[in-house]
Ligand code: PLP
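Below sits a lone chain in structure tokens, taken as the form predicted alone.
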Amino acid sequence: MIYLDNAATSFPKPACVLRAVQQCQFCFGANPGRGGHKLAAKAAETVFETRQALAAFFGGDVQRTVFCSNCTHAINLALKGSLKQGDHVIISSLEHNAVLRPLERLQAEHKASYDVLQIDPKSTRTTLERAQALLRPETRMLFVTHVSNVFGTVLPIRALSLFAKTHGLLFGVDAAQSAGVLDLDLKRDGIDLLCMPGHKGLFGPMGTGVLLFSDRVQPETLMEGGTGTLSLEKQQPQVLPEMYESGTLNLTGIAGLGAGLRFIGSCGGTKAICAHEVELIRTLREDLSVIRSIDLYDNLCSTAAQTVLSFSLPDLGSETLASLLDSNGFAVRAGYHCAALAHTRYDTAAGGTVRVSPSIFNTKKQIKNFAFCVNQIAMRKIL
């Protein structure tokens, strides 16, 4: 099976990640911060080292680097923990449901409201003018995805960050598709709330996520409980970052995530990984473009940083097409990708799209074989 669904989760995991998870389970799988013995100390050391590595990797502060169960958890903490009664949020037209649905609930409960900024993938100036038109006196936050999980559109986060700063807004970023692939720095890029999964571009196990936040904001907790600190106190300790990490952490996932970060370094960093994925998508785009019947959604972003590509065959449903590809040894994602806003924005809501998302482990030969298979399906030589 040729795996091309890395926007959902990276696979295979690097050997070093598998070793780190196994070593943790076999050698020191105790509860971090819940005991004074050597095994618990080793577990706590592993958590701290990974937290420290994440803070350094993304230009954040160690105390403001919080482990979550996934990116959705991080986004919910960022939004629900930072917004106050009556606040207004601007989000992009390419947001994942992980952003849309929490805000939809807050709006339904009359706690906060939101508006959707229509992104112009070809004009940052137009995008900023549209953002200006959405501003209200109660606008508190601009929250956007860095990269569309459907179309690969890369949003101009530095320009959007400057816009947010100019208007006194908090700036949040969903880095689900960019963390580990594109260069990101909390301080340099002016990000106040940076949310990411550990299991995609960072190569960690599922069940891992991270929220990094700046000193301009300190979210309220979503849940309270045991943190391993100030255990005689009835109130949740206000000790960073433990106040956000009630309950037992996913130690094995965190150990694997730390190994994933080291693997990125061994590959030459995000620059090398991005260049490899961009080249694979460029090859795929060229090979698919010769298919007359194909709808190729390749004009929604700069090809210089495109690492995700969606397409469809008009006379075949996306699920049917993906099933045929699966039968011929290719794993892709079909449908709506949990991104209703993006599909509505670009008129693909009727049948969705087939999404291809390669990784550092894929080769140009695999991509060309995939394109050949799509062509055979389009010509009805594969049914």
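Note that the structure is predicted; figures quoted are calculated from it, not measured. Numbering starts at 1 and runs along the sequence shown.
FYI, the form predicted together with ligand PLP isn't displayed, but the following is about it.
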Query - Listed range touching ligand PLP, judged in the predicted complex by heavy atoms within 4.5 Å, from 77-85, 169-177, 276-284, 237-245 - result: 169-177
Report task. Decide if the three candidate residues Ser92, Ile119 and Ser161 all line ligand PLP in the predicted complex, where lining means a heavy atom within 4.5 Å. Result -> no
Query raised in the report: Would Asn70 count as a contact of ligand PLP in the predicted complex, using a 4.5 angstroms cut-off between non-hydrogen atoms?
Result: yes
Requested in this report: Using a 4.5 Å heavy atom cut-off, state whether Thr307 contacts ligand PLP in the predicted complex.
Outcome: no
**Report entry** Contact of Leu184 with ligand PLP in the predicted complex (heavy atom, 4.5 Å)
**Finding:** no
Report task. Considering only heavy atoms, tell me if Leu4 and ligand PLP come within 4.5 Å of each other in the predicted complex. Result -> no
Report summary line: in the predicted complex, the residue from Ala259, Cys301, Leu202, Ala98 with a non-hydrogen atom within 4.5 Å of ligand PLP is Ala98
Report task. Find the only residue in Asn250, Ser312, Thr127, Asn149 having a heavy atom within 4.5 Å of ligand PLP in the predicted complex. Result -> Asn149
